[in-house]
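Just the one chain here, laid out as structure tokens, in the form predicted on its own.
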Amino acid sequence: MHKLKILFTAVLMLVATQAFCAVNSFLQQQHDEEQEGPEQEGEFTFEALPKKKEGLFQPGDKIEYELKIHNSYNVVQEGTVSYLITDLKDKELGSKSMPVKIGKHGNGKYSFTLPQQKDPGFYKVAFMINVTEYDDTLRRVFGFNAKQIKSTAQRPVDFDDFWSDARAELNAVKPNFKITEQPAMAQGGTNVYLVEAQSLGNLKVRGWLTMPKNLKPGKKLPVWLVLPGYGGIGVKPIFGNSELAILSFNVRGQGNSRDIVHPTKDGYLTTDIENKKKYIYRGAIMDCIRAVDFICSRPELDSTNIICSGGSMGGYLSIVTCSLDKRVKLCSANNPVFCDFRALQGNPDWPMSAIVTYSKNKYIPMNKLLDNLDYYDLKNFSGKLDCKALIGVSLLDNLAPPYNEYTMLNNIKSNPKVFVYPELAHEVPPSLFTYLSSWMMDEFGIF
């Protein structure tokens, strides 16, 4: 049997060697034929990288971008590269063009220094290339003196009273917390529990709690509270570290809290938006506070070590929750939406597009809606955010534009860790989640 195995292996190696030689001969012949022809198929790559890694420039900085070009064609590429810089309303602020010539299978680097700007803000720049085999435009956004960006919209004078009243109304509702183990959903060493609670308006909301099995008596687990993004899908059970409890909590109209309140995806944002005391987000925000109430009610959960996190709408809810509730120790928010609604006027994208459509269809003046939205504007909450925070912002984000993000960020009096991504839209890279995990573990003392 052993000799047969050796023989079988030798045959396989011989067949593989012959196949490799045949393929190699074919590829070499093909390569030779291509070299004899007038041109070779290839590809072209074009990058535009800011000299400042995050794309944020300060007064006195050169606003400089480096263009990297790679030509894998067997043809010399000739033409131009150029830029066009505009403000956020597309007013042209400068342009320039230069000739380029990239050899066969060659590379090129070109630098553009953009004109200095007077006003703090974010600016759009389009880099264009037009050469023999390739035309493309890269759209980028850079910030200038971004820490000086301020909103022109005022915070309502009764803002704090409005939310104090909402908390009082929530506190008058008996939470009736209920936790039910879900054996069929358990994974490995982790149990899953359905969490239920009565929230504002006596509405039942739900979430999922995951905890390690065989928890030692008297041990308290730090808690990661995860809040949902926009769309209705909500959050599901999350399985994580054996030293951590994770509460994936669905506010009204999301995930497993859609039985009573269940607007369409498009309609969620505008549900009762004309009435600031009935607006869906008043209830949703109080649902988040009720989730913190639940954590603090459980003897196995460490109410002194809570992190609240989310992305997009979940990022919004996370910052709002941490601003209103000082029981939360850490905050993580990626691409939080609903910052500086009034500055979004004229923006064709969501969320302003949905608000404008609602205003027109319901014959409700935009000013009335904006007056109500002042009480839900993230920049009006963030001045009260004083726990440690980790916030991700992307400069190409059309749903949470960087100008609006910075009107919110610049209201924060503490010193949050802000990660800026100049080449991403409504997203953050996996590396930020890796950082979040390490940061959270360090802060909780989990090693």
Partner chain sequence: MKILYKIAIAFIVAALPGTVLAGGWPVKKGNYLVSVTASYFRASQLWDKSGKLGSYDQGGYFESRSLSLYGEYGISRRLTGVVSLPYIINEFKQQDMPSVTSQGLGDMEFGVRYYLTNINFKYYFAIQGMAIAPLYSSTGLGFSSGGAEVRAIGSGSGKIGSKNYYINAEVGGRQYFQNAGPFQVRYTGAFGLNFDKHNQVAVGVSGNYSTSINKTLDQNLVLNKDFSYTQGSFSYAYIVNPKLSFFAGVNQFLLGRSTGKGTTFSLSVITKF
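Nothing here was measured: the structure is a model prediction, and the numbers come from that model. Positions refer to the first chain, counted from 1.
Form predicted in complex with the partner chain: not shown, discussed below.
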| property | result |
| --- | --- |
| One stretch from 127-135, 225-233, 195-203, 154-162 that, in the predicted complex, holds residues within 4.5 Å of the partner chain by heavy atom | 225-233 |
| Contact test in the predicted complex: V81 vs the partner chain, heavy atoms, 4.5 Å | no |
| Contact test in the predicted complex: K219 vs the partner chain, heavy atoms, 4.5 Å | yes |
| The partner chain contact in the predicted complex: I85, any heavy atom under 4.5 Å | no |
| Close approach of F239 to the partner chain in the predicted complex, 4.5 Å, heavy atom | yes |
| Contacting member of S323, S312, S257, T270, with respect to the partner chain in the predicted complex [4.5 Å, heavy atom] | S312 |
